[in-house]
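Just the one chain here, the form predicted on its own, laid out as structure tokens.
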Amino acid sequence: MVSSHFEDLLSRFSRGPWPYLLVLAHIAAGTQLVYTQPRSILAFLVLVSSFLTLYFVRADLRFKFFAGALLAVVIIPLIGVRNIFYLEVIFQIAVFAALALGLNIVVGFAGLLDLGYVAFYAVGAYLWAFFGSQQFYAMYYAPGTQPSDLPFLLPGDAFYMFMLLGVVVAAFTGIILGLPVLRVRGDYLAIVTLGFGEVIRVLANNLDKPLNLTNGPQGITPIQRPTMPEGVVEFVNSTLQPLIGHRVTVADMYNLLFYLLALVVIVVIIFVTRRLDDSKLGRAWTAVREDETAAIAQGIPLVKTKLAAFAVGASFAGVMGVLLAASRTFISPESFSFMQSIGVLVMVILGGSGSIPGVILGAATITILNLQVLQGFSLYLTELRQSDAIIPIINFAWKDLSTQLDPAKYQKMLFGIILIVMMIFRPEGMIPATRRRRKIDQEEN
């Protein structure tokens, strides 16, 4: 959690050359640790936390842009190709940051509680999964019986067009959801959106008959990826192999490609979100969030304003759904469960509802917690169970430890604890929005 003590400490290093030296030293230390200890969770956290230092220090914006670009476009790809698991974690952070930014439009800006947000994610994913696979020709076969030599409907490079199409289709889906339900408020709206998310998941699970549109619970695979330019892999191997430490494969380059695409999408989403926050529409969202009755009295078209929030938020999820389908080459209904929506909501609340950097930090925190901390702790306990180690004081053998105590199994409980703790001790989030912080300060005074 980013506390006022941390901000005060950074403010002391905000004069003269100290901010620049602090940022460069943090990036250099993180890079050195990850490069020399490629399996260390702590080293990875040191490197990733350099983004926080870059955000909080008071330095020239051009320097921040240069340092951030160096870290995101040069250092992380090199470290990621050297240890592909790190690149996967960063890619997941980018995906969930985009989802959190989209839900932040609905929850943080417009004040609408959406518990079925993952439905728009599924719409984008199944859009490319259907048209970028063999499913168009396979839909006349029963699941599991279609021949393996069916052609692909579209070439892999159509993926780039479908990233834009995913934005449009998901936004249209958000409007379809909003039209019949946005006249309800509060808990009723939350229940309706929850139902919508479950309807999309159940449809994906059952639309394998009479026409096999989604292949049901078995999912759709293989899903095409865009074409990898010839010679890229050999060029990287010939120039960067001494730094990477091993030969780069085509699979490694695809992981890097999808990371860079996710990074571009995140930059575009941040730019659009900032512009919307300062626009007439953004101020209308704020008015609706604070008091719908007063907003209507001021002449704000309530339904249109809410529809715009749903459409914009859904479009962010749609483009990331397309990216997910191409990167994984497989999707199934289990990828879009209710817990996914709750996970994204936790990211928004943890980071700071209405705060752009806050929800990105919340997405990074939850993703690292799930993919590294919990899984790493689970693997460590598994190693202890397979050993003959004993806790000296209580004479307890680790091999007798129940598998029910595996931390990865308590993700839902952990989300609940995070929400409770944040609501009690820091309801504004780790990096609160300016308006939210000002309002809480006034209430406390």
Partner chain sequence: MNRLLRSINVTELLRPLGHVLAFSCGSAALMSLIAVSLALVLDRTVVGADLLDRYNVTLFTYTMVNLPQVVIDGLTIGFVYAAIALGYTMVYGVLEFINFAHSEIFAVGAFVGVELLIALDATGILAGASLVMAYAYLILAILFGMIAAGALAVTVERVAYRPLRGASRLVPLISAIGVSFLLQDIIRLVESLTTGQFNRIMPTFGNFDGRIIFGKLAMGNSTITLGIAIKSIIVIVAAVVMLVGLNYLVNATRIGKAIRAVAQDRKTASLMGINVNKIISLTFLVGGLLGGAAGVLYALKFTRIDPFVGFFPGLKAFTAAVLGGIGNMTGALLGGLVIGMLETFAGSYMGVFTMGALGSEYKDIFAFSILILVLIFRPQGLMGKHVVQKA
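Numbering follows the first chain given and starts at 1. Predicted, not measured: the structure shown is a model, and the values here were computed from it.
What comes next is about the form predicted in complex with the partner chain, which does not appear here.
S.K.: Just to confirm, residue 209 within 4.5 Å of the partner chain in the predicted bound form by heavy atoms?
M.R.: Result yes; residue 209 sits at the interface with the partner chain in the predicted bound form.
S.K.: How about residue 349: is it within 4.5 Å of the partner chain in the predicted bound form, going by heavy atoms?
M.R.: The answer is yes: residue 349 has a heavy atom within 4.5 Å of the partner chain.
S.K.: Is residue 111 one of the residues lying within 4.5 Å of the partner chain in the predicted bound form, judged by heavy atom distances?
M.R.: Flag for residue 111 set to yes.
S.K.: Taking the partner chain as it sits in the predicted bound form, is residue 202 in contact with it (heavy atom to heavy atom, 4.5 Å or less)?
M.R.: Yes, residue 202 lies within 4.5 Å of the partner chain in the predicted bound form.
S.K.: Of these, 160, 188, 254, 235, which has a heavy atom no more than 4.5 Å from the partner chain in the predicted bound form?
M.R.: That would be 188.
S.K.: Check each of 155, 242, 180, 231 and return the one that places a heavy atom within 4.5 angstroms of the partner chain in the predicted bound form.
M.R.: Spelling it out, the residue with a heavy atom inside the cut-off is 180.
S.K.: When you measure heavy atoms, are 192, 339 and 413 every one within 4.5 angstroms of the partner chain in the predicted bound form?
M.R.: Spot residues vs the partner chain: full contact, yes.
S.K.: Only one of 73-81, 275-283, 322-330, 194-202 gets a heavy atom within 4.5 Å of the partner chain in the predicted bound form; which is it?
M.R.: That would be stretch 194-202.
S.K.: Given a 4.5 Å distance limit between heavy atoms, list every residue of 313-337 close to the partner chain in the predicted bound form, or none if there are none.
M.R.: The stretch does not touch the partner at all.
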